[in-house]
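In structure tokens, one chain follows: the form predicted on its own.
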């Protein structure tokens, strides 16, 4: 098979709606993390999140708004931007030539919460008929395909926060099966009381009330992460198909991917670096590159001491201590569930384009980790090949190798 090209992408993030607004905020170190505004959070053990400031009426047809969860609306906006960026008109493609693959950790939780409230307060006759599908994990794939008339093979991936990168890998498989293009990635989030109960039950959220003191991955003071909403959707195309239709730009290539599965942390709280190390080495092998070819790593950055130590050990075991720059732009957005991996991928493509590694904020990495984490200010760098990492609860590990355009 010829190369898999990334010809477009769309971004929705807590610190920027749309690609260029997001990238400007990232380079300026502008955070989108703050006190939750969707509901009163004081009764919960965590009060901070990365919310997307978004009025759906300005972006979507009015008929779609009552049918969809907030996260689905964000997905539709990201998909629209991705198709526009790629200048891909699905109606001019083969009827079954364009598919959709999204990932999700929660589905339409906010929609479901509202309808359950209607059920218990007012009775079943007040529950929306759209509840039958608006809550579902696969709804973003379905709504994107319906809105844009995409009839090619489509699917949804559920592997927690690793799912977004796994969705890109699934898109690559579909391109091998004769599709010409796939919209892939994830826009995720469940910032509602129902979703918040599920998030806080893990005990992994930072209790800090000051955004500058919360979510400090690889820092000795790390005490958990901050959830957020958003992500990115990308247009992946088989190279010959992209050239045939005259794609106006190529942002980069998906060179390789690997996914591994590991055990839960043991009773002592120790997290093994081995599953992530294997994912990294397998992804490099799939991309046919060596560790020395990697110009930067976009870390998963759990914000939990044991998980951060395991990731640092995995990275240094492959590349050596402080041998490759490490980026953690999600300190500006929070962890976006399945959306973090695709957003990091899009951020990596922007970093390759502009020759700059984005900074992490509010964290002072422990020297003992042996990582060269870019903090404070963007770092100029010639980037050709970048590694993106993601991990999910329950043992999911994913790694993707992203290359510059040829």
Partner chain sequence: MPQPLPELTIEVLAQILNESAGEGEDPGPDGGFADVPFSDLGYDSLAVLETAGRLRRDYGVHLTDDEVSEAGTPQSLLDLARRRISASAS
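Residue numbers count along the first chain shown, from 1. None of the values given here were measured: they were computed from a predicted structure.
One more form of this protein, predicted in complex with the partner chain, exists but is not displayed; see below.
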item	value
Stretch in contact in the predicted bound form with the partner chain, which is absent here, among 358-366, 38-46, 55-63, 334-342 (heavy atoms within 4.5 Å)	55-63
Partner-contacting position among 270, 132, 212, 91 - heavy atom within 4.5 Å of the partner chain in the predicted bound form	132
Candidate from 147, 243, 173, 126 lying within 4.5 Å of the partner chain in the predicted bound form - any heavy atom	126
